[in-house]
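Just one chain follows, in the form predicted on its own, and it is written as structure tokens.
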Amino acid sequence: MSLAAVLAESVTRPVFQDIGWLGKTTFYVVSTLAILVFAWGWWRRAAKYRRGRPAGRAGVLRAGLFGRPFAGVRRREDRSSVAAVAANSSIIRRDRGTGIAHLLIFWGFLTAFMATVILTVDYDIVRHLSRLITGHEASFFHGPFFLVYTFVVDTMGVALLAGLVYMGVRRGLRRPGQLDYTRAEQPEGGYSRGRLVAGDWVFLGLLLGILVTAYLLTGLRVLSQDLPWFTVFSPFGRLVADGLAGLGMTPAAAASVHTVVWWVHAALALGFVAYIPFSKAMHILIDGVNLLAHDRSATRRLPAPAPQKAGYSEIGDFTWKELLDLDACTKCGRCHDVCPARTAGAPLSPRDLILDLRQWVDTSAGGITLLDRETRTDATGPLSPNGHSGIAGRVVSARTLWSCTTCMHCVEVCPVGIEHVPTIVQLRRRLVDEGTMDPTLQTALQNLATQGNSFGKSARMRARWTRELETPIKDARKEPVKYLWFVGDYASFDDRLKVNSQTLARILAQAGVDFGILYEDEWNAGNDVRRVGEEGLYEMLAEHNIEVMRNAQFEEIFTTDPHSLNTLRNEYPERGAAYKVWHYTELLAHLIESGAIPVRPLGYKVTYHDPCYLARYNGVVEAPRRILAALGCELVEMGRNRADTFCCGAGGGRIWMDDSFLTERPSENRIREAVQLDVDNFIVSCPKDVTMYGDAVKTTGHEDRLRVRDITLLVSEAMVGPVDPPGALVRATA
């Protein structure tokens, strides 16, 4: 039959070929049951989400749906969009092979779903209604429409098959480390995650079974009915038919086998529909919503505690978005892979945290998960007894929660929009309220409460480092300045860092920058205090600083500390203190490029470490590199750089806690990475980094090979003309 003849003929295919009235009745009964089971399971899930508090994501959802239709397609942004979800951008971005395979599965599955919907509309609605209304059966499932339908379904099915095979090979043969479900924290009574592995394979196996039987049905129909035109419109179905014929199957045998395969296919498809709400397959329904509701700024600008609560103690304390986060997790392991705490040997894995909370919440809410559950010999962790207290410390151990550096890398790499850090902080708030914390952390918090700094030193000592300067720094409380320099605790009080602060002051003075400081009225900005979970103390610090700044006279702020930058830029505006806030590298880059700071080439071979709170939280990655380029330095990048930088281990209050239990400190891990590059200078732009990496080069035995230097020292060295008095510029880890 020619192509023209095929197009002219009203070709179609029977829906219930050789099934009979009893088979059709059985199919509809089973289909109804499967849909009811699906609806019941989904209702229970939805009821769990409705128990959560409002999350304030209406604006984010509107923006993703209507405001910025292509946001996040090319790069990760604060807001993703329908287009980004459709393009699977968040999955492809950091693993192209897996992302493309998932894209094939996503669109292949969506095509199969839409094909089923189209067939259902035609057969169960259009045909029956037309027969009832007009007495004649109408149908659109024939002719050119049917042929296009057949071609699209046939080719997209192969795309789905290719994606599934790739995922199966990756999981079964390649076995990347991120798919190893071994826990970071080992419970004393032991555990098993065999059911999690089984759940992955059942999900993959069901999809493969549905797809393979669908192609078998097509091949058997082509062989039994001798449909050569399928070569054009269903080339892969025709290949199956040719293969079956090559194995000796006759048209009569194909017709007989067709009925059996039809029932197997129907059973698999309906079983999968019923299985979705009770399995990993739930992510098919909720991950798109979770991505559209995702807001990275919720990590930069932490949400307030639950009303009249100190941290989370029951399901109702979570927001609906946080509960959705738990079900969205696909166990891909990307967060597990990049977590500095887990890398250092701490008992924290962001993946484990989410899975533990999911299992506990699911069980507490009366949910049913057939697989995807951890088993233990005792009722600990995710198996802890239900109740209204003990999530922090029982479901997730205190040691696990305190291990987090709040580096935000887990949030950055998550392909489904999970926000781990805010949840961890909410649980920490409960621990703080109960007094469950390291003694060293408790001391730091007491110092902050009484002195306004973590060192416990008198506020009058905050500006002592300025006494050695030739030109006094203006007091922004008493005279107007263009820039208020918010120095930060470490750059003010740590004796190892005062040279860096003095050098920066001299550079700015020589460049003619009009700046001042708050002297003893500057207190800790509160960024790490808030991420520790001490919300009340954060509020006290913030209110003090904001009141002082309101009475000062300045136009813009710059700060030495990326942690202070984050809270000044992102959290203080909520309290009425909305100022333009710069990191000092941004200011230095501007001054160098404008000619205010003339420099000569240094010719150093360096590597640069991006601070988490500068690069990942606030997107400042180019300014330090522009400075290094202007100074004529050869920059050799470490593998983990820019938004994918590795944490030094100081964030989230970890700098105030004991880290002797770690197998290797994150800072030491980073130094070992740097020494492989054959560079002499390890450049940083955060006071805490100077401290952390200065210690790390000593403990790793690389003090003679690598100098840890703040970028300020390089600018000073490169400046044309005198900047520092003789002997003021010191080498290395100061």
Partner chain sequence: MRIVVLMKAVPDLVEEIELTPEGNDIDREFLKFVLNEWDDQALEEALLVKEASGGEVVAVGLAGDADIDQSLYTAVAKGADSAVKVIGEATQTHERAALLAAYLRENPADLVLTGVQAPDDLDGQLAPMLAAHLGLPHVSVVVAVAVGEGAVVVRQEFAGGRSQEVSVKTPAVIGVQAARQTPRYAPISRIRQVMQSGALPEVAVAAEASGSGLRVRRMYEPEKTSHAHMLTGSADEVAEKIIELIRARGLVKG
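Residue numbers count along the first chain shown, from 1. As the structure is a computational prediction, the values presented were derived from the model and not from experiment.
The next section is about a form of this same protein that is not shown, the form predicted together with its partner chain.
Proximity of A138 to its partner chain in the model of the complex: non-hydrogen atoms within 4.5 Å are absent; the residue sits far from the partner.
Contact annotation: L348 falls outside 4.5 Å of its partner chain in the model of the complex, judged by heavy atom distances. At a distance threshold of 4.5 angstroms between non-hydrogen atoms, T111 is out of contact with its partner chain in the model of the complex. None of the heavy atoms of E622 is located within 4.5 Å of its partner chain in the model of the complex.
Here is the short version: of A509, C332, V197, V432, the single residue with a heavy atom within 4.5 Å of its partner chain in the model of the complex is V432. Of the residues given (S256, T375, S458, S130), S458 alone sits with a heavy atom within 4.5 Å of its partner chain in the model of the complex. Annotated contact segment (heavy atom within 4.5 Å of its partner chain in the model of the complex): 432 to 440, selected among 170 to 178, 334 to 342, 432 to 440, 600 to 608. Contacts to its partner chain in the model of the complex (heavy atom within 4.5 Å) from stretch 437 to 453: M437, Q442, L445, Q446, A449, T450, Q451.
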